[in-house]
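Coming up is one lone chain in structure tokens, specifically the form predicted alone.
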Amino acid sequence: MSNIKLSHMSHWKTIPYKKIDNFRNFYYEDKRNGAYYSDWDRILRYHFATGYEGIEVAPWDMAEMMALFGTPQNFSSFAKERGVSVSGMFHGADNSHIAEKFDEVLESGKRAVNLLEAFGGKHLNTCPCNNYCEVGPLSREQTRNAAKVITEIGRYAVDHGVQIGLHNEFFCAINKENHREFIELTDPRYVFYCLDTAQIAIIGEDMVKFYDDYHERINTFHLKDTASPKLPDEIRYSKDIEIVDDGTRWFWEPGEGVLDFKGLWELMKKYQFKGWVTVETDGTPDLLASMALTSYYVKHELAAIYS
């Protein structure tokens, strides 16, 4: 496993405490397990204890994190004391398909790069455009607009020691009919690819073949399984489909869905992938359980393939 370092995407949402000084007293405030998920000290120790060397931070946590820690550097130091480094950050490049929004989208991307650089992270995993139900289908000109501004963000990122990783999502406007074209329209010197294994499968791609085709561009992963590959367009393009509240789970721990992770690991060995693999557990009712199960699967089912 020396070539692959596990990170975990932060989906803890708001964690209200930097550190709880007297956990016993805090627990007795409501006597439920929520106390165990209420401070960064414990969350980061869970990362290390379950085999994760990294954390991918989330932009929706920034206000709370900065209120607690003051600066990204302070959070990174706090995390490193507990054995965890910041591997990357997610970024949504909304409106990147709109030519008139070029400067606005570029400046937003630059701010994200600067923030990640301050955290000491490397991967800015970036979803271009908006939800399909809002703007799709994109015209060819709109697709080119998005590729142009993402390339410019990528150019700025490389100059700052950061890599942009395109991140396709099954409900977004860069989708089945245009996402390979979109990759080709971006400059490979500045724009890389974050392969979200479940998202790409739900779009309709074969995850293993996609990695085989684009391995030179792929610099990191969001690792998760799905039992719903190749969803029909009418489902994928419907409003707020990823966050429906009827109990539907699009994403599962590796090994709990239908994706061929062993085939993927064979190719990662073939192409000598080295770097961060971020486990993403969005949609789970129990983040810690999903972290532990995924770490076990990677280390006990996959590690022997690429050791």
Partner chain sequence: MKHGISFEMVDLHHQEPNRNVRESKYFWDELYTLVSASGFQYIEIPYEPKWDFGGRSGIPLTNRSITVKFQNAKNYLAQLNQAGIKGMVGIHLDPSIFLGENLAMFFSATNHYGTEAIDFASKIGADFLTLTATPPIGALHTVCPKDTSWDDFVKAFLQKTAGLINGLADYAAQKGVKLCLKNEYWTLLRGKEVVPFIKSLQTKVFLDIDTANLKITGVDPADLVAENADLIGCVHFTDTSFVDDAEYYKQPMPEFPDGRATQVFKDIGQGEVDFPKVLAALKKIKYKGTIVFNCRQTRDICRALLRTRYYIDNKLTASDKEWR
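Residue numbers count along the first chain shown, from 1. Since the structure is predicted, the reported quantities are computational estimates derived from the model, not experimental observations.
The following text describes the form predicted in complex with the partner chain, which does not appear among the structures shown.
*Asks:* Which is the contacting stretch out of 255-263, 51-59, 235-243, 270-278, given heavy atoms within 4.5 Å of the partner chain in the predicted bound form?
*Replies:* In the other structure, the partner sits against 235-243.
*Asks:* Can you work out whether Lys299 and the partner chain are in contact in the predicted bound form, taking contact to mean some heavy atom pair no more than 4.5 Å apart?
*Replies:* Lys299 lies outside the contact set for the partner chain.
*Asks:* Indicate whether Thr284 is a 4.5 Å heavy atom neighbour of the partner chain in the predicted bound form.
*Replies:* Contact with the partner chain, yes.
*Asks:* Although the partner chain is absent from this view, report whether Asp41 comes within 4.5 Å of it in the predicted bound form, heavy atoms only.
*Replies:* Residue-level check for Asp41: no, no contact with the partner chain.
*Asks:* Report whether the minimum heavy atom distance between Leu293 and the partner chain in the predicted bound form is within 4.5 Å.
*Replies:* Leu293 lies outside the contact set for the partner chain.
*Asks:* Please determine whether each residue of Pro16, Asp30 and Glu64 possesses a non-hydrogen atom within 4.5 angstroms of the partner chain in the predicted bound form.
*Replies:* Looking in the predicted bound form, the three residues Pro16, Asp30 and Glu64 all sit within 4.5 Å of the partner chain (heavy atoms).
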